[in-house]
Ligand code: ATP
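The chain that follows stands alone, in the form predicted alone, written as structure tokens.
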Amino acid sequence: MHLSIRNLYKTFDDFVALDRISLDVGDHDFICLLGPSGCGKTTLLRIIAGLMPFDGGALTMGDTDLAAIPARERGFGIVFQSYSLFPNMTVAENVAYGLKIRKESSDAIQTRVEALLEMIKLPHLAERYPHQLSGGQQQRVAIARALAVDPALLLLDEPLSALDARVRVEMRAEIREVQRRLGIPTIMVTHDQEEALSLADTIVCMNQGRIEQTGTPEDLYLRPRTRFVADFVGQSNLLPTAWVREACPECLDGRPDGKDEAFELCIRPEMVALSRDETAEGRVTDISFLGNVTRLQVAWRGRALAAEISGPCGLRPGDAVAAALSSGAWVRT
């Protein structure tokens, strides 16, 4: 069923945590709420879950007004950063917990638990306890427990932040595969822009209790509308209009009408093309080789530019280079 949020408002004393938030979540959507700490994303998730009241606006699921529905009756699956597994229950018992609360039959519970443990690739650990599992395994169990009750909506609150980098990448793929297979609408809170870009159908970028921009990962990366989005989602070179007018006048194409100070040009590092040229004015100031890419800092026409080249590049700090900028996106400052 379709989740609809309209003009949602939430304050804590004099602090506005959510300022007129509106958002739609479709039947099979994977939505990432992305933003820095304190931007309101976890508050929004907790309100959707029914764990926190709101002060104004509307929150509906299909034809149901959720404001009048307690959290336990909303039928949502929730996975927190801490996993919150029951330490005195086995893996199988943790997954079965919600089904037992619903008084499902023993046979139905066993069938469902076995199917979910197969799906998360842990059938061999059914009788182990949480303290006997790795962080990634505990996270899989927490997700299976949330899915066991066939939720109308899956809510994930920074579920991967406690895992190391390699396990996080593996879990991203598994969460996305499970969500696609089951078709459950999912809202995930994260402050990790790479996580949001790799998982989401739609990213909701939040800042200071407001939605800065909503769109596909490609929209937010290639077509950011504001300086905040351009700076928060991926790396960027943010270039003032006055500088662009002098240093790269051909880049002015597509600039919206308005005062120079109202806009900046967002050029992603991979959009900066470099070539060795002893007569050029550009100079490489720093290089970081990361295996699949090389990241460079280049001093060019009075500014420091970040550039990115696929694989090794053969350049060294101090080398003279010519720089060319591809068309970027104009953003409001």
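Numbers for residues come from their place in the sequence shown, where the first is 1. Since the structure is predicted, the reported quantities are computational estimates derived from the model, not experimental observations.
This protein has a second form, the form predicted together with this ligand, left out of what is shown; the following refers to that one.
A.B. asks: Is residue 39 a contact residue for this ligand in the predicted bound form, using a 4.5 Å heavy atom cut-off?
C.D. replies: Residue 39: yes, in contact with this ligand in the predicted bound form.
A.B. asks: Look up in the predicted bound form whether residue 158 has a non-hydrogen atom within 4.5 angstroms of this ligand, and give yes or no.
C.D. replies: Contact check for residue 158: yes, within 4.5 Å of this ligand in the predicted bound form.
A.B. asks: Is residue 17 close enough to touch this ligand in the predicted bound form, meaning at least one heavy atom pair within 4.5 Å?
C.D. replies: Because a heavy atom of residue 17 falls inside 4.5 Å of this ligand in the predicted bound form, the answer is yes.
A.B. asks: I need the one stretch from 321 to 329, 306 to 314, 7 to 15, 20 to 28 whose residues put non-hydrogen atoms within 4.5 angstroms of this ligand in the predicted bound form.
C.D. replies: This holds for exactly one stretch, 7 to 15.
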